[in-house]
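Given next, in structure tokens, is a single chain: the form predicted alone.
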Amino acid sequence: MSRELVSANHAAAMAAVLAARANRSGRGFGSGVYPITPQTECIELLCEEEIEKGQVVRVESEHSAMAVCIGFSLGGARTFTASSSNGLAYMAENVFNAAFYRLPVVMMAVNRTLGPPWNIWVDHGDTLMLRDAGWVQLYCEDNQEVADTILAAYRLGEDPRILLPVMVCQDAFILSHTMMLTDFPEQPEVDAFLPPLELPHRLTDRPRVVGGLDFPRETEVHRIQHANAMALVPEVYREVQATFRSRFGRALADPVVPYRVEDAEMLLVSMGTTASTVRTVVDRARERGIRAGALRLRMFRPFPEEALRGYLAGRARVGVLDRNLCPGLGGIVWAELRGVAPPGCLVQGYVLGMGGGDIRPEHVERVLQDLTSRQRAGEPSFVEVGS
């Protein structure tokens, strides 16, 4: 085990390199890369690494970057790329294709505001835009979690019961450019954790059609298979957690991470780095005698409905903090979570931190005060945080 002072961008690249080398006895590694702020440092480091039986292809666009990953993956190679914001929007066609082809591509997505007007700071709307693309989506809180999740993503996506691509999401600049001591396993440990990829439908010298025309019945079958695989993700993820702990000696976070929920009357739900600020506010509320708790939503796809139902049972009030906006609806996490809340539970949506404004304890305090005083849920509330 080595400990390095690295940004989350570099943590993702270093974990991807370990995973790439672990497939050297298989069909190797391939990556298509294109820069976009704030993920560029990730692929710059990836391009500098010598990977046995591996190739990193510098392409002319994000669309091509995912196309290269699709090609490598169809050949049975382990694959990785990274993107953000408008880059994700540009590659969207191939993001869907990778899932439809059932390819276990891993992508680090640095959450950044979509434009124009241009904005390079954090907003979750870019990856949530792709929530129906058929990718597993995991949201990270710190640099260690980014590195660990990249490794776990390969074990999860390459499982023959799953065979789905995995998106590992991190907040722009708050993580991508922030240095943190991060532990990395040695290569033999990763080799033991990630066996060589055996893609059952990889291309060989036996002719096979990829991307042909489906009639309605064939499409129904494919999409049902896709849905069934996604439904198995929570079960397989638990297995990955157990193997990860046994190999590396530390825990891999649950799909929903609770904090002080045992006797909580109200819960604050968030994703990504916002969760650490929420925990601070929960602690302060407890000192004042307010029975507050928090949930961090780590897995957004598949939506961890069963776990959420368990945590929401018996709660009087739930506030959902969204760092995104679906115009005409409100926060995306709130829109999905309110459907699993128990009858009589007040579920209020709060939109804050869009465009990268700092979410500070005083902003979450305002959320908590509003939630405490409410008699019923209303329209999504916008909490302005400024620069």
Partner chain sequence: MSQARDTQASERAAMEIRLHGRGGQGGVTCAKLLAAVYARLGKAVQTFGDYAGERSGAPIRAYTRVSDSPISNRNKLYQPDHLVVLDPTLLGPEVVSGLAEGGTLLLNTPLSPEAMAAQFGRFRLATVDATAIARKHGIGTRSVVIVNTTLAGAFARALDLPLEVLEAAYRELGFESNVPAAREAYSALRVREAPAGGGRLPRPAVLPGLPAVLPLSEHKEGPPTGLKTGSWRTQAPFYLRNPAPCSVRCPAGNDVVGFVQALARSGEAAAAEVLGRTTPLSAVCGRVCPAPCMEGCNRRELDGAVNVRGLERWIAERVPVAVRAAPAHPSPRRIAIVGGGPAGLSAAYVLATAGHRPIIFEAERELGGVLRTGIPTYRLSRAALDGEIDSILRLGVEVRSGQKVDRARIPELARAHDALLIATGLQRLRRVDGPGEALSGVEQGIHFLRRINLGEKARLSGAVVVLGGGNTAMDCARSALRAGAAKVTVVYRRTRAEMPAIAEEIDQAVEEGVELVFLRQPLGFAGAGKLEAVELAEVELGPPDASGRRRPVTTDRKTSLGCDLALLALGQSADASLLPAGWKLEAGRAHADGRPLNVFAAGDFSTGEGTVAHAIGDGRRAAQRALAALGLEAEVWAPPDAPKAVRPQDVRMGHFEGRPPAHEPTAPAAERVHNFEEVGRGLRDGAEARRCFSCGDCTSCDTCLVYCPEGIIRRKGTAYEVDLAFCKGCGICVAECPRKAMEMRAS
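Numbering follows the first chain given and starts at 1. This structure is a prediction, so every number in the text was calculated from the model and none was measured.
Below: the form predicted in complex with the partner chain, not depicted.
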Sole residue of 258, 75, 310, 115 within 4.5 Å of the partner chain in the predicted bound form, by heavy atom: 258
Proximity of residue 92 to the partner chain in the predicted bound form, heavy atoms at 4.5 Å: no
Contact label in the predicted bound form: residue 142 to the partner chain, heavy atom within 4.5 Å: yes
Contact flag, residue 360 vs the partner chain in the predicted bound form, heavy atom cut 4.5 Å: yes
Exercise: residue 292 in contact with the partner chain in the predicted bound form, heavy atom 4.5 Å: no
Partner-proximal stretch of 77 to 85, 214 to 222, 250 to 258, 189 to 197 relative to the partner chain in the predicted bound form, 4.5 angstroms, heavy atom: 250 to 258
Stretch 162 to 193 - residues with a heavy atom within 4.5 Å of the partner chain in the predicted bound form: 173, 174, 175, 177, 178, 179, 180, 181
